[in-house]
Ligand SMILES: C[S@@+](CC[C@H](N)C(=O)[O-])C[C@H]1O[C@@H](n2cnc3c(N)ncnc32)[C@H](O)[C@@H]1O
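The chain below stands alone, shown as C-alpha cells; this is the form predicted on its own.
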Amino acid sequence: MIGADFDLFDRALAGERCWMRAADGTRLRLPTGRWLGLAGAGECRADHALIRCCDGPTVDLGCGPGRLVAALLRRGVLALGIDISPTAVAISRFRGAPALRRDLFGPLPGAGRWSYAILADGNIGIGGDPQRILARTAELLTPDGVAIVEFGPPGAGSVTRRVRLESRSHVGSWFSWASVGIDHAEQLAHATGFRVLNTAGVGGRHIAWLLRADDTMKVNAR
C-alpha cells in the first residue's frame, strides 16, 4: 500500500468506515474493531488461541495497532510487531507494544532467532503471494520455530485478487492481495518447508500452527 492507501488505512484506524474492494466489485469493510482490540467475545477467544502457545520470542508480522504484541507483553513474553503503516506503529508504541515500521521483505531484527511468528488477520495474503510470505516467515524463525497463521474458511480456495482501499470520499490504488482457505494449509506448508501441527476454528476464524522442523513438537495447539 502506498500514498492514498496509507491515508485510508489511517482513516480506518481513526474510526472512519473504509472498505477493501476487489476488481470484481465485491467489497468488505475493514475490521478495525478487531485490529484495535475492541471486538466481541468470539474475536477475543480467537486472539487468545493465536498467542496462547507463545512462550518464547515472538514476532507479529503485519501487527497493525499492536493488540497481540501488547497481550504477549502482559504475559511476560518478549514480542515485537512489524508493520509498514506509520499510524499502526504509532498506536502500537502508544499502547506500550514495541513495533517497527519495516517492509516484511526487507532487513528485520532477529532473523533466524524468533521462536514464533504470527500472521494474523489475513496477513498470509500480503503481496498477493502466500508462498512468498510464508517462505519469508520461515527465514525469520529458528530451525524448530512455529508459524501461527490465520487462514480463511474452508472452501474459500486460494485466490489472488487486485484490490483497493476506499472510503466514502477517498479511493486508493490497486494492489495484489490473496486469500487462502484453511483447507489449503497443508499444501502451502509443504511448499515452504513447514508441516501442519494442528488447525482450529475459533470464533469463526481459522488458525493453523506450522512447524519448520519434522523432529520437534513445540506446541500442543489443541
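These numbers come from a predicted model, not from an experiment. Start at 1 and count along the sequence shown; that's the residue number.
We do not show the form predicted in complex with the named molecule, though everything after this point is about it.
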Q: Report yes if any heavy atom of residue 120 sits within 4.5 Å of a heavy atom of the named molecule in the predicted complex; otherwise report no.
A: yes
(Q) Quick check on residue 80: any heavy atom within 4.5 Å of the named molecule in the predicted complex? (A) no
Q. Is residue 93 a contact residue for the named molecule in the predicted complex, using a 4.5 Å heavy atom cut-off?
A. no
Q | Non-hydrogen atom contact residue 62 with the named molecule in the predicted complex at 4.5 angstroms | A | yes
Q | Full three-residue contact with the named molecule in the predicted complex, heavy atom 4.5 Å, for 67, 103 and 177 | A | yes
Q: Counting non-hydrogen atoms within 4.5 angstroms of the named molecule in the predicted complex, say which of 71, 84, 140, 134 makes the cut.
A: 84
Q: Work out which of the listed stretches, 140-148, 123-131, 109-117, 71-79, brings a heavy atom within 4.5 angstroms of the named molecule in the predicted complex.
A: 123-131
Q) Of 133-161, which residues get within 4.5 Å of the named molecule in the predicted complex if you count heavy atoms? A) none
